[in-house]
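What follows are structure tokens for two forms of the same protein chain, given separately as structure 1 and structure 2.
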Structure 1
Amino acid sequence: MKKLVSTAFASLALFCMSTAALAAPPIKIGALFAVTGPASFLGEPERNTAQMVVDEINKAGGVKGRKLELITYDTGGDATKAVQLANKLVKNDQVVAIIGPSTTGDTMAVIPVVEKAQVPLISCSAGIKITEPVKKWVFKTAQNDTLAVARIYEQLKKEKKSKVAILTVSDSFGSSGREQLKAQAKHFGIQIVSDDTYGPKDTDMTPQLTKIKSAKPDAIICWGTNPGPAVIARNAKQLGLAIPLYMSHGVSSKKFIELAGDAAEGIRLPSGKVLVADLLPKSDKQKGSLLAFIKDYQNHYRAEGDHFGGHAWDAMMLLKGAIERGGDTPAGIRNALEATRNFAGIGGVFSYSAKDHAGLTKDAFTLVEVRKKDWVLVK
């Protein structure tokens, strides 16, 4: 018996020594994504992308000779769970930085945790509240919906259309969009003639659209994520609405065209550039990153890379840059992140500063239109 124990100890010691001798311990990075639950359409591509990027960095020799280790937890889109997991990442796993969570609700919930623990967080969700006001340890990669609203209004102003009807989904994405649509209308000289909502699980929006029809707007702006907007597109076609229909960036993937079918024709939406990467002019700063990301994602997962994955790509690459420049301590990473300038990622060209932890301008969005079941750029 004694012999057995001593052999076990000896082999354990040998094992520990051998791994220690191989390389320095990896740099631990935490990730919180809503891989399951209602926001899984965000969390799943984000998790896939983050893992893909980490694998690739490690294959190429890591960051300054050290491997990265990604510790991913699934929040399920549940803020309470997100807080528990954030605590776990900080206390048990002792990560140097966290990417995610996927939704604004989850992010807002974990902010106090990272602020207290002084660990940098790069959120992949869009809510403007995340970085306004600026929080010392919190950054984000997803474009603010403020910018998307500005992009649509700018186009409407250019076409001299001033009366709009808005139709927003009654969840956090939709209500944030609704707030922005209402807040910025005046600035662009736009009048909101009808303001309606629909439930995320609703299957028939003809009542709202009938009402909108009688308000005679110049354009309809719908703010939601699949499948609601596809139902709205179909209902609008059913009612024979000849009013231009704008969607939010929440549906900017081929999936929307597939779901809405013929009814998608002519619909416009502000979108990150990943959708139209091959249509962009060569001079575009992001083109290189975009094509690299799309090709990688295609090779790894046999699927089209989307924005949501792009947010995680940006978060990982920003982090990589920050570790390279600032070292592997949370404070070093934070300071290096804040000093990031002109990083051409998937979501846009990021320039963080002490006053701006969102880092993007409205150039991050381009306006696209569905034509013949594909995207074209709106000039």
Structure 2
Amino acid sequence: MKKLVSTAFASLALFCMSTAALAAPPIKIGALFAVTGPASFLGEPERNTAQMVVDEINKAGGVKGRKLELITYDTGGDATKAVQLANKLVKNDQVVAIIGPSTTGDTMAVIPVVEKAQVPLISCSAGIKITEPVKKWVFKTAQNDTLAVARIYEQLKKEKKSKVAILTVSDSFGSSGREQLKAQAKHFGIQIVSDDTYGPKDTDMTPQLTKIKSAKPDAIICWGTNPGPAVIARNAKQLGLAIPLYMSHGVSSKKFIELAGDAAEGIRLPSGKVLVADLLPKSDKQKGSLLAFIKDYQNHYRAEGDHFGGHAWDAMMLLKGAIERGGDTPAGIRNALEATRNFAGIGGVFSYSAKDHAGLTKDAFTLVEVRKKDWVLVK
């Protein structure tokens, strides 16, 4: 009889705990993405992926029995709007963490907001200034442009190409890439023979390419996000430039191939492994996560999961792990994020620390080339 009573009390206690967990309010996560505007090719897959991951977490029972609520706002790629929406997430929605924004400019604008409010932010943007110097409440999942530049220069050095022309967009992403291209050139024995820029809304870069042609570089490196790089690819083809053309990781999705058309053939760029996941060896630590992400995205949206959606997948999964380990307060999440080690995600294998809130090494990048409107690995 005594044993029966004890069992009954234990069952009742378990029932009460489960009921309490289910009755608890959801954990609110904020998201800022450029779903509309020129950067929508970044923000749309990020928004889709973040919601997909949250739905799957909730379907599986939530985090420690509590559901997640994703509150997403569209910045339109406007830094002023991004700041307003970040304040809304913090003050009105009272989120415990924010993922995004999609662009470096938007991210740099909202950093003072999250730092003041002491709410952890996981940016999906690439600019190195986001996490260098380290900011207590700011992390990122997009690979740093410094790693992307190193991957391109390594290949050029391997092919004994030492003279390059750089053509960068005049926004935060382009400026950050230009700084890295110039800063790392000497280390790899690279001479920059032409250094030019273009505007984010420019529709013809023939004058810059004509100038570059006269400088006779061994390769051209363009740093920007769509649609500018696609215009440059088409202009280069129209001019008959037979010079290897490299792009940044800012265009690593099928959207670039679609925009550039036949002019994309032969163009190379550093990218996360998601573009070539099926070509990776079974021993690759990321392969399982990559294939699962691609399959899930295809099932949900009838489209291929890409490099940019992967940034949001990593951000949500890193947050999930941080909440499981550190609790649901902003400080607990921040501390758990900083303690993350060897998380094999879509963008690479992440290990954050007090001195590194980007968390990736150059192994996060692979070099790909466009062939017959698809991607192949450059070996």
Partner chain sequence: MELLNQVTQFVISGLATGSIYALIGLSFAIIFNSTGIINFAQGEFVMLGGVLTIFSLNVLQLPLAAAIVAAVAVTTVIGILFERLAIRPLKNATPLALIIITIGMSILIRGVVMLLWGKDTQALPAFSGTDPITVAGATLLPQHLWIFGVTVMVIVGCRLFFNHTISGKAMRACSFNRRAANLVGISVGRMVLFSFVISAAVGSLAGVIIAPLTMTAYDVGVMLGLKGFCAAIMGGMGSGLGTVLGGLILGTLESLGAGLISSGYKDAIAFFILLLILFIRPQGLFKKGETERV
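As the structure is a prediction and not an experimental result, all values here were calculated from the model. Take the two forms, find the largest set of C-alpha atoms that superpose within 1.5 Å, and that set is the rigid core. All residue numbers here follow the sequence of structure 1, with the first residue given the number 1.
The first of the two structures is the form predicted in complex with its partner chain. The listed residues are 169, 33, 98, 364, and the one at the hinge between rigid parts moving between the two structures turns out to be 364. With both rigid parts superposed separately on C-alpha atoms, the smaller turns by 9° against the larger between the two structures. The shift recorded for the CA atom of residue 256 between the two structures is 3.1 Å, with superposition on the rigid core. For residue 203, the CA shift between the two structures after superposing the rigid core equals 4.3 Å.
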